[in-house]
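Quick setup: one chain, the form predicted on its own, written in C-alpha cells, and binding and motion questions come after.
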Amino acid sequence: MGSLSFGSSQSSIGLDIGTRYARAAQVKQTGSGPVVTGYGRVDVPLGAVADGEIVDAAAVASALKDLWRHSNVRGKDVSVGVSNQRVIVRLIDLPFMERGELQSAIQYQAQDYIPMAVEESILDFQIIGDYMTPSDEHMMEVLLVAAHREMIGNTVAAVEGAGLRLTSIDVSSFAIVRALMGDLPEVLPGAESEATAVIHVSSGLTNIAVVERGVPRFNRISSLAGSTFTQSVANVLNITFDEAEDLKVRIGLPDIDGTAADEFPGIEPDRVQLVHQSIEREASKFIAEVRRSLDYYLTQTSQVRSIRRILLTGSGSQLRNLASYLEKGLQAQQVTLGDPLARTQASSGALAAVEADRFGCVTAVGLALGGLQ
C-alpha cells in the first residue's frame, strides 16, 4: 500500500476493525441517494486489537472471514479505517505551490509537523485552500496525514489474510464526519466563528474531531472510552466485564438532577447507587479530556471562538444521560446524537442488522461512502 486515501464505483464496502468488534457496511449509490444494502458485525478476539492497532493479524483475519460468512455483505474490495496514536492529522500552512510540486516537497516538510520519522511513515495530504497574508505572501492550507508504516502493514496483512482486497485506507475520524455531516459546508452552523465537534465513543477508543466549514481540521484519540466505564463498574462490584456491561447499559448515568434507584426494577438500590457513582467518576474524567482537546484546538485557531455544537456518536454514545453530562460539562448549546441513518437509507435486507447497531455502524458506513466518491 503506497499511500493513504482520503476517499469510483456504484457500490462500496467500508470495513471498521475495532477493539471489540469488526463491522462491514456495503453502500450502493442510487437515484435517491446512498443506500446501505449489506451490514454485519462480529466479535474481535480479545487482545487482537489494542489501542486501535492490530497486533494479531491472523486472529483478525479469521474474524473477518466470519464476518463475511455471517453477513449479507457481498464483494471483496474494501475501504478500511485506521484510528490510533500512530495516525497523525495536522493542518499546516505552506507557501503556495502546484500540487505536483507539493507532492515532492511534502516529504521534506512533514518532519517539522509529525512526531514520527518520515522514513517510517506513509504520508498523504489534501489541499484545503489558499489565501494571501497581510504582506501579500501566497499561502496554502494543507491537511497532512501520517501513518506509521508498520501499523499500516499489520492492517493490510489482516485484510488480505481474510481474502479481501484493499482499495483504500482512510482516517476513521474523516469517515465518521462524512457519515454524519456529508461533504457540504452548509450542514455546519452558519456563523464562521463557530465549529462543530464530533465525539465518537467506541469500546476501546474515543475519536474527538473538530469540523470547520466542512473540513475536519483537528483530530485527537483518547483511550477513555466505553470499556473504561464498564471496567469501572466491574471493579466496584467485583463482577465480570460482561455483567458490568449489562449493568452499565441498563443503568447508565443518573439524571443531572438525580435519579431514584427505584426506577430500575429488579436491581437493588444500593447496587444502582454504586453503578451511578462509578460511572460518574469516569464521566468526569472523560469530560475533562474532551474539554482539554477542544480548548487546545481553540488556542490554535484565530477563526473560531467557540464550539457550541457537538455531535455524539459511536456505540458508547448511548450511555444513559451522557449527552446531558457533556452539555453541562462543556457548556455547549447543543449535544445531539449523530445518527448515520439520518443521511443514508438502509434497504429492507440490511435494515434489521443496521438498526441493531445503529450508532456503532457510523465508521463503516462513512468508509463505504468514501469509496463511492
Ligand SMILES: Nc1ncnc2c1ncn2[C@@H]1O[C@H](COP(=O)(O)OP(=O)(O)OP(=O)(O)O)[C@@H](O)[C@H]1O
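In case it trips you up, residue 1 is the first one in the sequence shown, and so on. The structure presented is a predicted model; accordingly, all values stated were derived computationally and were not measured.
The same protein also has a form predicted in complex with this ligand, omitted here; what follows describes it.
- E245 is the sole member of E212, E141, E282, E245 with a non-hydrogen atom within 4.5 Å of this ligand in the predicted complex.
- Site annotation in the predicted complex: the residue of S121, S173, T230, T196 reaching within 4.5 Å of this ligand with a heavy atom is T230.
- Stretch-level contact analysis of 103 to 111, 289 to 297, 219 to 227, 121 to 129 against this ligand in the predicted complex, using heavy atoms and a 4.5 Å limit, identifies 219 to 227.
- When contacts are defined as a non-hydrogen atom within 4.5 Å, none of P34, P340 and L372 contacts this ligand in the predicted complex.
- Contact check for A147: every heavy atom lies farther than 4.5 Å from this ligand in the predicted complex.
- In the predicted complex, this ligand sits within 4.5 Å of a heavy atom belonging to S315.
- Although the partner is absent here, S203 lies within 4.5 Å of this ligand in the predicted complex, judged by heavy atoms.
- In the predicted complex, V335 stays away from this ligand, with no heavy atom inside 4.5 Å.
- Along 83 to 109, a non-hydrogen atom within 4.5 Å of this ligand in the predicted complex is carried by no residue at all.
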